[in-house]
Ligand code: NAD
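In structure tokens, one chain follows: the form predicted alone.
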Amino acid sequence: MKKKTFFQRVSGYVDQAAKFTQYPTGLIKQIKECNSIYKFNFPVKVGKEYEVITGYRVQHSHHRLPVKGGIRFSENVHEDEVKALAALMTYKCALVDVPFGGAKGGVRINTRNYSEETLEAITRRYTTELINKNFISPALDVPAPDYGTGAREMAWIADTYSTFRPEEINSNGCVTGKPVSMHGIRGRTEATGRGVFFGLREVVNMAEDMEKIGLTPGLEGKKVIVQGLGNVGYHAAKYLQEGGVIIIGIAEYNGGVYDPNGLDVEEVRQKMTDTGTVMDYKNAKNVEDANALLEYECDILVPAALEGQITIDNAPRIKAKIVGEAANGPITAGAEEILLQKGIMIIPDLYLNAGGVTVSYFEWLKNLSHVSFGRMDKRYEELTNTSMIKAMEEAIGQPISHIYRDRLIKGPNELDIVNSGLEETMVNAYQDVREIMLRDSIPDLRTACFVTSVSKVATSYISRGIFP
């Protein structure tokens, strides 16, 4: 049997979810297909020679505008991958009630082979191609960081766009994930990883569900292995460790480390920064084949690298009770069947790594409103809270400890509001999915997530009169 592509696998999840709905076949077909696919080539001077670079931008669904999705810089970028990731963005946005359609972009390069100056030239030329075809704007298509890109690249994109469209008052909203100094938002860098933490915490707090897989409720004391110490993996591991878990293994592309007594995430991260590898960390065991760490015994396995990391080859040896997909598509369809048959709980990427797009939405709102969250009401709330504390102190006849006093008086800043909004989003989204899963007797979380998402996208199409 011919192996299914990444996009076909995503479409297959929609077909599976459709069995639990009553929507017409034509509507389901429309939901699955990509609305627009743009592949292009452009020259960039590297040294004394020119290289031809291939770029992509896929707009999967226009049921809501703008469409939203990251830009990936990787030598493995290809059309099917970008289509699949764009589709996942559609369903992810719908799942967490972020009012965007899905999109994704990619540039086929290995960033390690280029200087910063050349990467800037590539990014700006890629942006120019998108501008020329109306594949970027605050109202139509809003990119964001992804694998191989970050705030620096988003700043180049925003600057290029504003240069071409100086009259556009909302030009800052053409891209999210920008540096705070360029109208970005506090908390965006760590948003996906923090969302992974909120999601896992919500899942393991369900005592009834944990009993089925042989775990006690709560994160405290859970043993966790994380694959990938990039932005998502690092922040997920950091917040999980702060939440009480024991990080016993960390895998990177060039090796991994394991210590059943626990690793210090910050120290391992610093070692990676200083030496380019996590290997030889203190008393930890070196694991030359980093993928082998996925098969070590643990309570929660968090693949936070690239797609297709757990396959039919290694799935039978996975010993985790829970696999939390912090990356996009880290489990192949065949591997998923094996894991579910083994009774392993899979928390799908569609839900678990939605923190990034959630906070991107907050940044987009900030750019359109032209005011930072908390700026208008922080001082007013502090004044109001101060008056309340004084009234309480007079009523009880003694002062409140200055530690508690300061904590009660403090008004929310932008980061407080962003983190609160992110936590609320992740908690509510999981409760919605779990309710639908139990109501419709859906066998697994991924299908329940897709049922939730497909229903919301379908409702949008129907409300516009496209499908009666």
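Residue indices: 1-based, along the sequence shown. Remember, it's a predicted structure, so these values are computed and weren't measured experimentally.
The following text describes the form predicted together with this ligand, which does not appear among the structures shown.
In the model of the complex, this ligand sits within 4.5 Å of a heavy atom of residue 251. Proximity of residue 188 to this ligand in the model of the complex: non-hydrogen atoms within 4.5 Å are present. This ligand is not shown here, and in the model of the complex it never comes within 4.5 Å of any heavy atom of residue 100.
This ligand in the model of the complex comes within 4.5 Å of no heavy atom belonging to residue 336. Here the chain stands alone, but in the model of the complex its contact with this ligand, taken as any heavy atom within 4.5 Å, falls in 221-229 among 315-323, 221-229, 336-344, 133-141.
Highlighted residues 192, 272 and 305: every one comes within 4.5 Å of this ligand in the model of the complex, counting any heavy atom. The listed set 327, 95, 158, 203 contains one residue whose heavy atoms approach this ligand in the model of the complex to within 4.5 Å, identified as 327.
Taking a 4.5 Å heavy atom cutoff to this ligand in the model of the complex, the contact residue among 199, 148, 173, 184 is 148.
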